[in-house]
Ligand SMILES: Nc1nc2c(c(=O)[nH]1)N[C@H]1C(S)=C(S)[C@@H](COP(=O)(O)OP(=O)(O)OC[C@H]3O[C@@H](n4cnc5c(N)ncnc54)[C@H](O)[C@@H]3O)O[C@H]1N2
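Only one chain comes next, encoded as structure tokens, the form predicted alone.
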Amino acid sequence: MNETFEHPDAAIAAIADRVLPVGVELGCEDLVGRVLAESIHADRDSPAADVSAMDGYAIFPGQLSQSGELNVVAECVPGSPPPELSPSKSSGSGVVRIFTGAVVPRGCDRVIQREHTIESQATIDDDAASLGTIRWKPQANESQPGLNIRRRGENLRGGDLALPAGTLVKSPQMASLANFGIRSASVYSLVRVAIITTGDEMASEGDGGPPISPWQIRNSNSLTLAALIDACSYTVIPTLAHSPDEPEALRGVIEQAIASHDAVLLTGGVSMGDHDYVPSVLKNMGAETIFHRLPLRPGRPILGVVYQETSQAPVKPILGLPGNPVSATMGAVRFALPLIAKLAGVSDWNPHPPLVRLEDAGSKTLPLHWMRAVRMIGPGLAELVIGQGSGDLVSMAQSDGFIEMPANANDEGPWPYFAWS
């Protein structure tokens, strides 16, 4: 298989369709940043009772029609059961002072907020049990039954689905888990990613060693891709490796990486040069090529393969990214991160990038999907960061991310925007 794909999304999906989430970890207690491998259901109604959404006064039907002062006959506070009012108090002129989150007494049909009342505090001459009196302001008469009451189960009924499997747990999801008494849950295992850089031109500097030569380059790709992967809460710290441009050495490094990782990223060695051995080495290992070379700039030589050691073994994605730093970084964001999310069990693994407009798109067009570095200059507005090619790390460092324009486009958009983080 080596299909022709006209859009990056189709190429990504072709690999994603072949891979499944990694294993499951049972009874995980440190849930923040993990992906749920089981669905969570509500253990009770949410809210568990009718509660007040305001500080104010819970009243019984008909009490708004009463003029003059009304006695405050009881108080409702959060964390305590509501008072059981006698029929005489319920049908009489008494109201109940209530605070936000407190359970509404049985029979009360609305809560009037304090701002719509005139309150009089109890005096020393009043009965010891007196809680003061109130009078209605005109706004109170505009209220309807149910006002300021959060009804039992209006958020979720007991037994209903609260969080489906595949949910990435962030702070809002953690609040939901705590609300339903979940202290531990099954989660997908952390994804293990290996990053292999290739090329004889890479320099290895040590303390006290000689400076690098002009024909050598520092290995920025390994640290750049490691930073992208490490920012994902569902991965372990990626393993870094390097191989020279020699087929047997490269195969050994790749085989070692595949054996102990769920996904492998390579940079360099994927184009058509005499020393670009990655495609042939992977083919000789039995990997299946899904795509090689896409209508994309930068990153046209990108290689996507899957490897399965046996029919019972998991399918592992391997991405060969160009060696140029800008190409490698954009390719990792666009292709590698979604696939890693799929491996991690994230149900909504395919990103939904926001749309931004360009202040000035320029006049140039390309017959390719064009990933262009941008800097955000306002809400939904970006400007191009013009670089000197896919090896220009300086301009990439001055950008916030990149947009993706379809073939032959050169207008302001809006275009999908992929932030670096």
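Note that residue numbering begins at 1 and tracks the sequence as displayed. Just so it is clear, the model here is predicted, and its values are computed rather than measured.
The next section is about a form of this same protein that is not shown, the form predicted together with the named molecule.
Among heavy atoms of Glu288, none comes within 4.5 Å of the named molecule in the predicted bound form. Contact annotation: Asn148 falls outside 4.5 Å of the named molecule in the predicted bound form, judged by heavy atom distances. When the named molecule is considered in the predicted bound form, Gly323 lines it closely, a heavy atom lying within 4.5 Å. Though the partner is left out of this view, Glu75 does not reach within 4.5 Å of the named molecule in the predicted bound form, counting heavy atoms only. Distance criterion of 4.5 Å from any heavy atom to the named molecule in the predicted bound form singles out Val270 from the list Val270, Val193, Leu339, Ile134. Annotation: in the predicted bound form, residues Glu359, Arg372 and Ser395 none come within 4.5 Å of the named molecule through any heavy atom. Comment: 193-201 is the region of 150-158, 253-261, 178-186, 193-201 lying near the named molecule in the predicted bound form, near meaning a non-hydrogen atom within 4.5 Å.
If you take 280-307 and check each residue for a heavy atom within 4.5 Å of the named molecule in the predicted bound form, you get Arg293, Pro301, in sequence order.
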